[in-house]
Ligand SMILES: Cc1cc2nc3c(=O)[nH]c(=O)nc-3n(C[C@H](O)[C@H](O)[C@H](O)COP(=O)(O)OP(=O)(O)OC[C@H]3O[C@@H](n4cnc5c(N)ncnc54)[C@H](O)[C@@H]3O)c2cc1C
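Only one chain comes next, encoded as structure tokens, the form predicted on its own.
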Amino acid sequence: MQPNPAIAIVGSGPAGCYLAQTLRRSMPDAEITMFDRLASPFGLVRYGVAPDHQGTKSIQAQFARLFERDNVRFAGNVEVGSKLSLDALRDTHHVVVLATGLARDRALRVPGESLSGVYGAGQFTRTMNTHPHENPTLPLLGDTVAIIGGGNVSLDVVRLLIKSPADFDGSDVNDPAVEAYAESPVREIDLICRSSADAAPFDPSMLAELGRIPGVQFASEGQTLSGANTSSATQSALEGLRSSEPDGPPRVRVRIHFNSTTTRIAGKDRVEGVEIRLPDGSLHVIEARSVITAVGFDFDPSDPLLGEMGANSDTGLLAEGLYRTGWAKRGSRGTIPENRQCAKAVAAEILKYLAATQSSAPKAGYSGLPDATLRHVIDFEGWLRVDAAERAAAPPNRSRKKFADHSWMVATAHENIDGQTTSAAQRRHVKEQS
């Protein structure tokens, strides 16, 4: 095997971190660098997991140990494919792995989805997580919104919309977005799921969680609450929603439509409703002022790395020394832990390749990259400065206050904000935001 192979992983989310963990155990002397276009690591965990699910986000502590003690380098603020070419990375590393995930909301492919008022769950979640490349606040959704999809992401969207600001205690939610939304919240939500309740891909515990939010009234259509084919966990969750009647008039009403297939989004210039096909074949239009699609994520044709590549779960190999893992390999399927098995399979391919190329020439690795790239890199110590600043800026009822400005994060990481030290800049930021 090539001694001390140089390995570049593009993307520092769960897919990349699990791969780095697996490779480090097999090759303790390898030089492993994880690149990310953002100033922060952890990808989907930081910006994709709902901000009120801090238990899920706690896996960041496990991934942080990679950079703290496992001798894996973090190289943030490096956009591979534009600022740094993939060819340059391949020229300097024995192996390059694409672990960038999929950020583009999958199309519904029904008439009307291009109307004004149709939004993707991905952009919604990124806004609520203060992603620096996303809109800082939510669009005006109107009184009625239809959410299309039956997975956990669709339930995330429902839950975030029915919560009041006080319900986000302990989270790292985007407070400006929550406060703006609270001034004109949705009053009616229709969740449209093409599956029956027993076949729906959501986790029953996620459904049950909705019933613990006060002031919400639930109803279920197209599936009896005591259906013989419904799993006990799902049936229990649905019965819990039915019994969770608010004491007074509800703040918001949620209707779940099972066995309902979206056939078109109705409207002229903007959304007016969603047409669904019921189990008996009849068509019905649900009135809605906006639509949020939550039907998965897909490859973005404009992505300089993945483009229209498409998923292929059979192998991670793309070209000699070039691989992919996670959603970039198999599509947007599976939860965060499922990336571990994917990483093990790709790692096995990489180890086999390196064993067969032991006579290849040495490569410079990270130090061989252009000075113009290295000059702007944010290392893990830099990220820890950003992390400390976010925690310091958090009000008592929040776990952190994420920064929405990428440039500010970069300057904080580099300890250089308008010529001041980071600590002084942090104090100024806290004062401005208070």
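The first residue of the sequence shown is number 1, and the count goes up from there. The structure displayed is predicted, hence computed values, not measured ones.
The form predicted in complex with the ligand exists for this protein as well; it is not shown, and the discussion that follows is about that form.
Each of Gly13, Leu44 and Asp156 comes within 4.5 Å of the ligand in the model of the complex, counting any heavy atom. Under a 4.5 angstroms non-hydrogen atom cutoff, the ligand in the model of the complex lacks Leu322 among its neighbouring residues. Using a 4.5 angstroms threshold between heavy atoms, Gly48 counts as touching the ligand in the model of the complex. At the 4.5 Å threshold, heavy atoms of Glu79 reach the ligand in the model of the complex.
For Ser290, no non-hydrogen atom is located within 4.5 Å of the ligand in the model of the complex, even though that partner is not displayed. Checking 335 to 343, 169 to 177, 253 to 261, 311 to 319 against the ligand in the model of the complex, the stretch whose residues place heavy atoms within 4.5 Å of it is 335 to 343.
Only one of Leu305, Ala182, Leu115, Val110 lies close to the ligand in the model of the complex, with a heavy atom inside 4.5 Å, and it is Leu305.
Screening Met27, Leu66, Leu38, Leu369 for any heavy atom within 4.5 Å of the ligand in the model of the complex leaves a single hit, Leu38. In the model of the complex, just one residue of 124 to 142 lies within 4.5 Å of the ligand by at least one heavy atom: Thr125.
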